[in-house]
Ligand code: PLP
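Next up: a single chain in structure tokens, the form predicted on its own.
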């Protein structure tokens, strides 16, 4: 570094995901999209490689007047948006606790504000060992680090024992603890915790020291693309039942649910035991927002408020999203079936934008696949494929190509 102070951070020369994605785009320009598989993008694309935007949402966007999109939005979000985003996040469930919503730029802002406000300098934040890489970036940026627990047990289910061991270890070391659980449709594996998994998590917290505070961030960015929207919200009552020293926070991404990726819209919503805790959450998170991005884009807030104010419009949005969700699930199932047929081990998969394959040398395998114009993302413990951006017919091809690349490298 010349002028920049690293301040405990590890600053890469380039973002790995965007670098691979750029190479995929260059290959498409050179060889044609039909000859390239770009499984890097965390956004929905149709079978022709075009970004999917819900037409019903697009019509609302194009109908906005300057007064509805140009003024600054309040730091915490417009009142209409905050009311609507709670409905979007919770579905038909009405929390018994006291809720407050704060607008964030996508789901990422909710992660940043949670870590900033509910952990101390030098603390470790607990995440699964299969995790979205920016969790670590966010923690490093604000003077924290991550600690991982083993996500899966030997049976391919949620590893409650290792989760418990790490929770108890960190609560011995720290006065407070932030835990991030990405579910349902976990990034990068596609796994969804069951209601029973959440009950087991609650049972652990009931036996931890009640003078230690835990902020439990449920990163639910992909919840509306996991399957039946009500079925995949059946865990929410368990959050309501958490003990008093646990503050559940739901991180919701309107960028994903309403296909407005570049408009960067989301919210963090607490389910607090008392009005005082909810008010403290609101004040602290709005303070952090003011000190980072200030306020969020008003246009998507207006769009979402309009959708939830018009039952017919909301029905159109829900039905259109359901069609694409079914397409996404077909792709994921095709990938899963092809992996089984060729004998390729997968990380347990349920739904969502991504499917992952464990391996000891993901960077080498990813580089080998790039020679065939197949672009996937190497992670610490394996390779991630975005089934959201790859047509079903190509989802069927990828597992065998991954296995062949692994075998070629093993022979060298």
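What you see is a predicted model; the values in this text were computed from it and never measured. Numbering follows the first chain given and starts at 1.
A second form of this protein, the form predicted together with the ligand, is not displayed here; the remarks below concern that form.
The stretch from 281 to 289, 253 to 261, 203 to 211, 77 to 85 that comes within 4.5 Å of the ligand in the model of the complex, counting heavy atoms only, is 253 to 261. Just one of 248, 190, 107, 300 comes within 4.5 Å of the ligand in the model of the complex, counting any heavy atom, and that one is 107. When the ligand is considered in the model of the complex, only one residue from 178, 304, 103, 221 comes within 4.5 Å through any heavy atom, namely 221. Mapping the unseen interface onto this chain, residue 135 counts among the residues with a heavy atom inside 4.5 Å of the ligand in the model of the complex.
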